[in-house]
Ligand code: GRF
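Here's a solo chain for you in structure tokens, the form predicted alone.
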């Protein structure tokens, strides 16, 4: 059984995709140990509660430094027996100490085909605004391992989504979520769980 934590900042649609995959058994041998948000009013926490998953707000604002925050978060996750940290719309830059503590065991979903429209400042709607401004015909989503750079870790999975005539950033964001993000994030977790089983 692979124990995961899902870290979120907002509504938690990617979290819901993971919960659904666990509950309908398309994602086997995976337990969501806890859901953590940096915002106490994030709807993702409510989603977790509805499904009986431990949830809490752990915000960097409550700690004297990023290092203290990272240390507490790492200790908390280790106490919960977490083996894989899943960033699903988590808009906090994790400190290097935390990333080293969970090296090779943190994954992130990004709403573009990396290396396009990624790095500092590219998150949420900003990614889709940039894609439309550039005039690309294809965009998509990427699941990658997290290293100390921004969106620079090794790619696990990508899925392309067509840009359609008349798309707004909001319409494109919804299509990328439905056709790519909600598909490849559970799939990537499944691949990691299966790899571990082979080991």
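Numbering follows the first chain given and starts at 1. Keep in mind the model is a prediction, meaning the values are calculated, not measured.
Just so you know, the form predicted together with the named molecule exists too; it's not on screen, but the next bit is about it.
Query raised in the report: Only one of 67 to 75, 83 to 91, 113 to 121, 96 to 104 gets a heavy atom within 4.5 Å of the named molecule in the predicted bound form; which is it?
Result: That would be stretch 83 to 91.
Requested in this report: Determine whether any heavy atom of residue 177 comes within 4.5 Å of a heavy atom of the named molecule in the predicted bound form, and answer yes or no.
Outcome: Heavy-atom contact with the named molecule at 4.5 Å: present for residue 177.
Query raised in the report: Applying a 4.5 Å heavy atom distance criterion, does residue 13 contact the named molecule in the predicted bound form?
Result: Although the named molecule is absent here, residue 13 would touch it in the predicted bound form, with heavy atoms inside 4.5 Å.
Query raised in the report: Heavy atom within 4.5 Å of the named molecule in the predicted bound form: which residues of 121 to 143 qualify?
Result: The stretch 121 to 143, when checked against the named molecule in the predicted bound form, contributes no residue at the 4.5 Å heavy-atom cut-off.
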